[in-house]
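What follows is one chain in structure tokens, specifically the form predicted alone.
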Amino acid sequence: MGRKVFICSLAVMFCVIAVMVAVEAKAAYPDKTIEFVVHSPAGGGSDLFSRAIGSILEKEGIVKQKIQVVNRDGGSGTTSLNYMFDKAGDAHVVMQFTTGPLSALLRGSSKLKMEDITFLTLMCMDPNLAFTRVESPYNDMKSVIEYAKKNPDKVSVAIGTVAGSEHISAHRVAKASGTQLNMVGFGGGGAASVAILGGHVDLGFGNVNEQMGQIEAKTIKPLGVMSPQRIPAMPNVLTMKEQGINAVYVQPRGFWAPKNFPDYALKFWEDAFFKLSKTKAYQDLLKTSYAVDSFMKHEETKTFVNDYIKVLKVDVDELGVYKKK
């Protein structure tokens, strides 16, 4: 009997210690540098967004520790997902998600699977547009489509990420207009932009925020926006629908964490991102990024992504870009 009492006492003691350790970890969190993982190279839309978010979180005192942006680009989102798979249970690693990583999950190209993800937040929706170099004879998407219908596969489109936002955008335009566009892969947004500016391809698709600097510098010109309504910053640029092309694409931007992310860390980031969404600095960022505030917490984000990915799967199926078994 005494031995049983002793064992029970030990068990209770270990439980108490475990609870005390968990409480202490929760109280101290975060207690070291936070990694913001980005699936694309430095300088792209996702990279700039993560750096801006990290800066605001630090400057507003919402997160007391340093936030370091870590670029894990490659494999059209696969490299970053594999990195997150290896970080299971790490409370100090968070990743931004967009169409690129979601498409990689659908393609089955990574060790990470949908069930391994801990959703944290959806922050905003980022509209895409079609554009070309300023010397191009095209001034709108309607003229591009008219030419493409008479010359199938002759209009070339620069693609930076397989099944990424620009690839999906181009596919939806081609499908809606009944045309064949020649998709040319470049392995990254930077190389794709260089090809467009050099006149090696006819047009590209991308986030308004990424392209606005070159639009203002008059090195490229917008051909049409893929949002449901016109963008206030470019009131004279027609939507695709206004040009007779029933194609819409608006990219989600949010954050998720690895499998087995601690509950206290999940609660911390839910609160942190909510506080962030209410700051003037973040609202100003949305205005300068031409993005739409779409803040959601953990459960709402999970539901949103599950619905969004069903629609995205149709695009990925039609593009035929699944990993070969």
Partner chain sequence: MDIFNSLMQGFATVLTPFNIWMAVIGCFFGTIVGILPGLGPSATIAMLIPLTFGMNATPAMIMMCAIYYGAMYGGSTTSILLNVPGESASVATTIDGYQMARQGRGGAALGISAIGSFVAGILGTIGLMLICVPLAKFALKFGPAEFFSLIVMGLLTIVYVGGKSISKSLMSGVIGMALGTIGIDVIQGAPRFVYDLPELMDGVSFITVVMGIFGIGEVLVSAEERMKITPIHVKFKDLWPTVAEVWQSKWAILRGTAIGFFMGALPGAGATISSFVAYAVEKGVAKNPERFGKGAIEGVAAPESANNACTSGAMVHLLALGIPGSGATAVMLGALMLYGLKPGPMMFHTNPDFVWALIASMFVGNVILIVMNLPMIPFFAMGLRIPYRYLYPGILLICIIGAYSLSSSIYDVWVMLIFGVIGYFMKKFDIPGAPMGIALILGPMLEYNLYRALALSRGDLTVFFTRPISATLLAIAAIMTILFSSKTIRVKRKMLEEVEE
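Residue numbers count along the first chain shown, from 1. What you see is a predicted model; the values in this text were computed from it and never measured.
Just so it is clear, the following notes concern the form predicted together with the partner chain, a form of the same protein that is not shown.
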property	result
Among the candidates Val248, Met234, Leu106, Met183, the residue which, in the predicted complex, approaches the partner chain to within 4.5 Å (heavy atoms)	Met183
Partner contact for Lys154 in the predicted complex: the partner chain, 4.5 angstroms, heavy atom	yes
Partner contact for Ala272 in the predicted complex: the partner chain, 4.5 angstroms, heavy atom	no
Heavy atom of His200 within 4.5 Å of the partner chain in the predicted complex	yes
Heavy atom of Ile117 within 4.5 Å of the partner chain in the predicted complex	no
Contact check for Arg72, Thr219 and Tyr290 against the partner chain in the predicted complex, heavy atom at 4.5 Å	yes
Contact stretch among 88 to 96, 237 to 245, 250 to 258, 73 to 81 - heavy atom within 4.5 Å of the partner chain in the predicted complex	73 to 81
Residues within 4.5 Å of the partner chain in the predicted complex, restricted to 114 to 136 and counted by heavy atom	none
